[in-house]
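Here we start with a single chain on its own, the form predicted alone, put down as structure tokens.
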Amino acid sequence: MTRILHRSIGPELPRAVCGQGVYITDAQGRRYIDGSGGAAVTSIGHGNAEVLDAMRRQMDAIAYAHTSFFTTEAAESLADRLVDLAPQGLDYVYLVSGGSEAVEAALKMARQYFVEIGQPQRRHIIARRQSYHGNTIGALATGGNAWRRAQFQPILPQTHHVSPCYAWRDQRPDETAQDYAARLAQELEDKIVELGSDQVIAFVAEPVVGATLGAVPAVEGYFRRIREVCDRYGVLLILDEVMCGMGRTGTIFAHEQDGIVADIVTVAKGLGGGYQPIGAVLLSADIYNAFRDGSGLFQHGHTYIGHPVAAAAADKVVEIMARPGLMENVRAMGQRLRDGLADELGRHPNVGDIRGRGLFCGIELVADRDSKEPLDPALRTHARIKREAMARRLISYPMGGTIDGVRGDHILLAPPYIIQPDEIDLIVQRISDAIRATVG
């Protein structure tokens, strides 16, 4: 019996009792390789002694101090580290307790910025279909995950959505990548004009789309064109790196690889590496200065923001991930993962696409490779693959509704950054076996 309302009410979940490196062991002694880092959370591995020591030292000093009265060395150090590592132009940090909180804070930050600078008429948020930005009301409204939004639609604030950058399905045969990027940028510009050229607050996007599409990076030049459109109409660009950031794609910030700087960036998941609940919003000096020179405050807050123990854990996690060699390992092991999957599954009749960046990899499943026709949603192929993978002691992150919230199946793989070649090969073999056991 359980007294917990679990995410899914049904079979009893195994009880995790130990985590070390890239493995989790349950109460029955079964050892699972953490092939998805939970939900792309576990960045530097389980049981890292340096992080645990940093948390203990902080708890010995002070475990909690409310941020309306105090700051702490742990929070200040983490903020300094993040700004030092971020692309130039992201100058300040607001600490929160997770990804959805980070997105909620970013949306309110963007709205308040325009109030402070005398443009209070701006009220619209634009994001992309088949995106995911969190499960709280504002974040859920911003996201374009149709399945997650459906039952809550009547209580969601109005937001607007344009097409994702999903080249494998949506780039036309007669289009180059540059043509495709230009078409999508024009779609965003048309939406801004439709809503009113001085009415839009922000455009929100994931540099590499995570849970909803399965590790889909943008085509070359897409984000540069998006940045130009936002600048043309004074619209803030918010990049959601909650899942794809903090080293997951092989650079500390995912959008470094797209050659742009955002006005606001959200991070979480890998930031704390699973050691503590934490997220952060990075913002430009322009936004900070508008608050400083205007009302003198950001009208927002939660009880546990800037939590000293969470900040101490994240500070050590980020220090470790920024050390020489770890991002190189992410890139090398990510390439090994995609190459191994291509060798094992590249000719499988139900594997349509293998994609991603760094240790952020997606496998899209289809009924037919040539037509890209999805599998029947009633088969719940993604859920069956998850069960088969767990039976083989592999944690993966399959999802359905890839195409439109109903049709499509994919699997997300996002193992810890410390993973080694033999462990990558185990993931490849186990997920391949799970797929074959499910679809033949």
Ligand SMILES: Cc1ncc(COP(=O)(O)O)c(C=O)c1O
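From a predicted model like this one, the values you see are computed outputs, not experimental measurements. All residue numbers are counted from 1 along the displayed sequence.
Omitted from view is the form predicted together with the named molecule, to which the following refers.
Among Ala106, Ala280, Met243, Ala262, the residue placing a heavy atom within 4.5 Å of the named molecule in the predicted bound form is Met243. This chain is drawn without the named molecule; in the predicted bound form, the residue among Thr251, Ser77, Asn350, Ser100 with a heavy atom within 4.5 Å of it is Ser100. Shown alone here, Tyr113 lies farther than 4.5 Å from the named molecule in the predicted bound form, counting heavy atoms only.
Of the heavy atoms in Tyr222, none are within 4.5 Å of the named molecule in the predicted bound form. At the 4.5 Å threshold, heavy atoms of Lys316 stay clear of the named molecule in the predicted bound form, well away from it. Although the partner is absent here, Tyr132 lies within 4.5 Å of the named molecule in the predicted bound form, judged by heavy atoms. Per the 4.5 Å heavy atom criterion, the named molecule in the predicted bound form is contacted by stretch 92 to 100, the sole one of 92 to 100, 307 to 315, 281 to 289, 326 to 334. Along 254 to 269, a single residue, Lys269, places a heavy atom within 4.5 Å of the named molecule in the predicted bound form.
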